[in-house]
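Shown next as structure tokens: one chain only, the form predicted alone.
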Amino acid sequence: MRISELSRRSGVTVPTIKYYLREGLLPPGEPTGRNQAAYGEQHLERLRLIRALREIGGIGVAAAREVLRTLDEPPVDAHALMAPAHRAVIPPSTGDPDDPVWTDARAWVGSWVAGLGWHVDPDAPALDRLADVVVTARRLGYTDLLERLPRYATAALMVAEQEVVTATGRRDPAAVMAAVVVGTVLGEALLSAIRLLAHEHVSATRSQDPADLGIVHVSGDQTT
């Protein structure tokens, strides 16, 4: 197909497609003439993946390039796919390794995860991100959030068991890597959206009974 057809079918503008070609996110098409090329279904699939990474996952061009490079040359072992996939989609930690407050939180997070009995790489980027959350929660005085960590862990484990089984069930390493990356990106967005909907549902349900929220209504000389 010509680039105009590729644009129409993918929903990506021609200038953006050309930008992705220049940046190496999209492989070049087959030359058909001067300044012209033909593109196939693999280009369409790649564009759809790029859109998911960029628009849904909010991943930058450099990170998306690394994801796609790993997809093109995936590790053989299914478990080994997790590390590059997570490193690609997890935002860099904002913690300062020289800050004793952050290093204390990082050590606490490592001990907490180890206490769960989870098999996690000590250098997993998610540990640093969790340490960032712990530091921020402590500074803001939201330590009650940290008290709910065991419940978060239980819920996360249930979700992870389903996602990992689905992703690693594929035989082709490239398909496994794609499932891990896309599943992580879309799953994060999916879980966040459902969580917000659940917040609204629980809030609306509880607000039907003011006593549940500890609300006191004042009407005239009477207080209820």
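In this text, residue numbers run from 1 along the sequence as written. None of these values were measured; they are calculated from a predicted model.
The next section is about a form of this same protein that is not shown, the form predicted in complex with the DNA.
Heavy atom within 4.5 Å of the DNA in the predicted bound form: which of S192, T32, Q42, T166 fits that? Just give me the one. Only one listed residue qualifies here, and that residue is T32.
May I ask you to check whether Q36 falls inside a 4.5 Å heavy atom distance of the DNA in the predicted bound form? So Q36 counts as contacting the DNA.
When the contact criterion is heavy atoms within 4.5 Å, does V61 count as touching the DNA in the predicted bound form? Contact with the DNA, yes.
Would you please decide whether R51 lies within 4.5 angstroms of the DNA in the predicted bound form, comparing each non-hydrogen atom pair? Within the cut-off, so yes.
Would T16 count as touching the DNA in the predicted bound form under a 4.5 Å heavy atom rule? Yes.
Within 4.5 angstroms, counting heavy atoms, which one of the listed stretches 194-202, 52-60, 180-188, 158-166 is next to the DNA in the predicted bound form? In short, 52-60.
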